[in-house]
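Just one chain follows, in the form predicted alone, and it is written as structure tokens.
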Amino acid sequence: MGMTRQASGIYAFLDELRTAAQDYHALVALAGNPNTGKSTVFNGLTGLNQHTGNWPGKTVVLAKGFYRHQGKRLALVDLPGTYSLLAQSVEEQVARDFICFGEPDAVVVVTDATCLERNLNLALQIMEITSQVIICLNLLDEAKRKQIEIDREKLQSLLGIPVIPTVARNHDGLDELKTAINRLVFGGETPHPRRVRYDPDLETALTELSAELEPFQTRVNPRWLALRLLDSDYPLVKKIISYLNHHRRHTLKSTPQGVKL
């Protein structure tokens, strides 16, 4: 049985988003810890072109908005503020499910420059799911006030993804963030996110299981799918299996007759 709207709420949410937007060229998720200025970034990007709605089947409110940049119309979803994607709360579950199964074209992780180390935990989790990640280094003015200096170039090099400094309340850096999103989605830029390394036995198991998942060709990193299957988080495993079945059926429908998979 494939993923259904009742099972995840994602398709119903995306259908509503498409209806509201009519047409858009890319879907971007905005993620981050609470109190990082994420909503300010969202408001700065979308202006008045936004509205809110409930995630189907959940009491979680998501803000949805749209903006244009360099001739492209983009849909932006402001996910609930969360410290982790391990789904200990409804908000974490919604954020994780959207990033994993909603297949956004890019994920912008808004971080607080005054406490970057704590914020990077979520960023590293998202980087395991998808390579289409940008760090929005927000509240840079507060960091400078506290005499905190961040080497942007070194941080980009260590993480392997774009890092864009912003002061969202003043709209500083938001145009650069829009341009970085366009480069990532439309410009053929390929980030190489830093990979978390585990002990040798687990790495061996991940390599073998990831190879089995590669043929599904989903937007979700097969390595992350393999990790979650090995976790034996059964509600999530059930969603992963439905997601993979959904892609399998889609691939079969789009494969010319006579071609064997």
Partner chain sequence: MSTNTVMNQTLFQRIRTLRERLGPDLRDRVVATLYRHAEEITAQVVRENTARCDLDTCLDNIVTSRVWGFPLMLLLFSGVLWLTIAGANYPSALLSKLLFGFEARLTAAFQTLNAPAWLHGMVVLGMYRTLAWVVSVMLPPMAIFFPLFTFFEDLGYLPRVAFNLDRFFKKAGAHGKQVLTMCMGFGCNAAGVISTRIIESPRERLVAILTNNFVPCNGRFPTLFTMAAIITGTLLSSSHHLAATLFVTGIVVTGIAVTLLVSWLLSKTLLKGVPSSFTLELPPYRLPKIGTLLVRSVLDRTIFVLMRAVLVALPAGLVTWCFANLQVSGASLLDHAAGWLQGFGRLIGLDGYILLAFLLGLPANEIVLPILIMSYLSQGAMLELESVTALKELLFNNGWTWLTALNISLFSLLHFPCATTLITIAKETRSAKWTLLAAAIPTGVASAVCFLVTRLAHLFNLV
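Numbering follows the first chain given and starts at 1. In this text, all values refer to a predicted model and were calculated from it rather than measured experimentally.
The following text describes the form predicted in complex with its partner chain, which does not appear among the structures shown.
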Heavy atoms within 4.5 Å of its partner chain in the predicted bound form: which stretch among 182-190, 163-171, 109-117, 67-75?
-> 109-117
Counting only non-hydrogen atoms and a 4.5 angstroms cut-off, does Ile134 reach its partner chain in the predicted bound form?
-> no
Would Leu48 show up as a contact with its partner chain in the predicted bound form if we use heavy atoms at 4.5 Å?
-> no
Mark Val61 yes when one of its heavy atoms lies within 4.5 Å of a heavy atom of its partner chain in the predicted bound form, and no otherwise.
-> no
Is Arg194 a contact residue for its partner chain in the predicted bound form, using a 4.5 Å heavy atom cut-off?
-> yes
Students should find that, of Leu177, Leu140, Leu159, Ile129, the residue having a non-hydrogen atom no more than 4.5 angstroms from its partner chain in the predicted bound form is Leu159
Quick one: of Leu30, Leu213, Val220, Leu27, which gets a non-hydrogen atom within 4.5 angstroms of its partner chain in the predicted bound form?
-> Leu213
Stretch 216-230: residues contacting its partner chain in the predicted bound form, 4.5 Å heavy atom cut-off = Phe216, Leu227, Arg228, Leu229, Leu230
